[in-house]
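Next up is one chain by itself, shown in structure tokens, the form predicted alone.
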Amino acid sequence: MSVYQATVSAPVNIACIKYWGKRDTKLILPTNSSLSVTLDQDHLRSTTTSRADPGFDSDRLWLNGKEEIIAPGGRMATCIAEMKRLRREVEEKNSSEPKLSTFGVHISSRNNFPTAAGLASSASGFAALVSSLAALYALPANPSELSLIARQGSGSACRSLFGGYVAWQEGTAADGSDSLAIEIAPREHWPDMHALICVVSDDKKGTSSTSGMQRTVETSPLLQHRIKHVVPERMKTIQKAILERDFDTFARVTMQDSNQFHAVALDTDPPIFYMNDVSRSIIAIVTEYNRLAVANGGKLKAAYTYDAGPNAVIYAPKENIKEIVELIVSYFPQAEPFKDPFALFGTAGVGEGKLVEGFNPAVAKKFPVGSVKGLIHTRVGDGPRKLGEAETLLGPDGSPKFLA
């Protein structure tokens, strides 16, 4: 008997122009366009196996080995129903196709990083879900078409359907048919873009993104100014910077947009605080690092950005990462030695307590070990990958191989 299943991994993306606010909460239509960098799946990914079987009496889903309820009308149910609808269209065109759309599906998904910690786990998770079902159902849809469905699971998931540099166009249609992701440039266009993620907290957030952004839409006058006057210009500027590999402009716009997103959170009534003292100290360190570069006749060397959480993502060209890591570990000592996945540090490794010449050490205080729980060094990466049978997450009976 045939086994109908597919396993796909999908990447995390970190936005440079932030998505914050929905004009339609059911369809997840954003109030503004956004832009992100897809990160390397070798370091951060969600992997999902989907299997269709006539013996499955219902759709079931496990996340990291724990069964999740697929609530009727909820985001998960919506994505699965939409994918089954596309499969039905395939079956109607070709009567010899097996009627997979009528079978129950079992889905097992695992993240290799903390869930709900501000590291965009829902983005890679829903992108992997939709991509694995597309592979299972042998759909002819392209990534932009699939992004329309992933978006209904998690807005930023639509951007994880592509590698490289990705825009999510807000669209204007009421049905969301033009609110989709497009690739601005593939990873190969600007492969030297690296990222250092400073995991400040892996705790679940106090205010979820979903409830936080709705409160902002309802109460923040600054958000309305941002939507109308700021984001459209920034989207044009940063896309041009990416196409020209202009890091100075990319960095300036990325930091400005992160600052404004958190200003909008603060402008919400009551205010939302996603950053903490550690987050703000990292901003001060990156700012001083850039000030020094510009004072010496150079250009910006690093860009911080923060999503709805305290974790910092520092974008930088590959050649600046060593200095940045040394600065961060000087102020935030690590319990474990820094791992150098790209062999950029040579035999000397990371010099702890090593500041760039001329750097003002008083910009931040030294924090105790554990204030930054971990450092993840990654880079721009590719889009969803179809994996082999050896990497399936479901056992022969259709239950997860790895239970929580």
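Residues carry their position along the shown sequence, with the first being 1. Bear in mind that the values here come from a model prediction, so they are computed numbers and not experimental data.
Form predicted in complex with another copy of the chain: not shown, discussed below.
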{"query": "Of 319, 178, 188, 269, the one that lies within 4.5 Å of another copy of the chain in the model of the complex (heavy atoms)", "finding": "269"}
{"query": "Sole residue of 222, 86, 182, 243 within 4.5 Å of another copy of the chain in the model of the complex, by heavy atom", "finding": "222"}
{"query": "Interface membership of residue 110, another copy of the chain in the model of the complex, 4.5 Å heavy atom rule", "finding": "no"}
{"query": "is_contact(residue 264, another copy of the chain) in the model of the complex, heavy atom dist at most 4.5 Å", "finding": "yes"}
{"query": "Contact of residue 277 with another copy of the chain in the model of the complex (heavy atom, 4.5 Å)", "finding": "yes"}
{"query": "Another copy of the chain contact at residue 26 in the model of the complex, heavy atom, 4.5 Å", "finding": "no"}
{"query": "Among 89-97, 149-157, 254-262, 327-335, the region lying within 4.5 Å of another copy of the chain in the model of the complex by heavy atom distance", "finding": "254-262"}
{"query": "Check all three, 230, 234 and 365, heavy atom within 4.5 Å of another copy of the chain in the model of the complex", "finding": "yes"}
{"query": "Any residue of 280-307 that, in the model of the complex, places a heavy atom within 4.5 Å of another copy of the chain", "finding": "280, 283, 287, 304"}
